[in-house]
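Next up: a single chain in structure tokens, the form predicted on its own.
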């Protein structure tokens, strides 16, 4: 399973997005606003889940803002941090 696939499953399960499947989440769609429609509380939960599942810490809002643009940017952020 790729990092992006695992992220989609985590987002659906941990944020209780029962009306969507992993296949329906576009890797390039924004996670917040008009994309998946996540909000700031979801962002906090995602930070916790990313640390729990991947061992990667998002240290501040600016880092999070860059990482949380889409599944692709978040997956790339995680892969980059895990490789370091």
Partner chain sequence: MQPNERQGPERPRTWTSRSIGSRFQHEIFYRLIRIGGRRLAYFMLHPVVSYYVLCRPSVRRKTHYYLRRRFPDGKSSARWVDSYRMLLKLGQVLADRASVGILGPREMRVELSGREKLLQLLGERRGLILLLSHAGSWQVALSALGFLNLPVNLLLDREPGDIDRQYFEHAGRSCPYRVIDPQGYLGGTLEMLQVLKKGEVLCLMGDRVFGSNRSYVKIDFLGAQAPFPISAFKLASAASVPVAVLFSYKTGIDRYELKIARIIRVPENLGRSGDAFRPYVSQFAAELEAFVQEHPYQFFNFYNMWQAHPASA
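Numbering follows the first chain given and starts at 1. Small disclaimer: the values here were computed from a predicted structure and weren't measured.
Below, we refer to the form predicted together with its partner chain, which is not included among the displayed structures.
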Considering non-hydrogen atoms and a 4.5 Å limit, does its partner chain approach residue 76 in the predicted bound form? no
Would residue 45 count as a contact of its partner chain in the predicted bound form, using a 4.5 angstroms cut-off between non-hydrogen atoms? yes
Is residue 22 one of the residues lying within 4.5 Å of its partner chain in the predicted bound form, judged by heavy atom distances? no
Is there a non-hydrogen atom of residue 33 within 4.5 angstroms of a non-hydrogen atom of its partner chain in the predicted bound form? yes
Select from 62-79 the residues with a non-hydrogen atom within 4.5 Å of its partner chain in the predicted bound form and write them out in sequence order. 64, 65, 68, 69
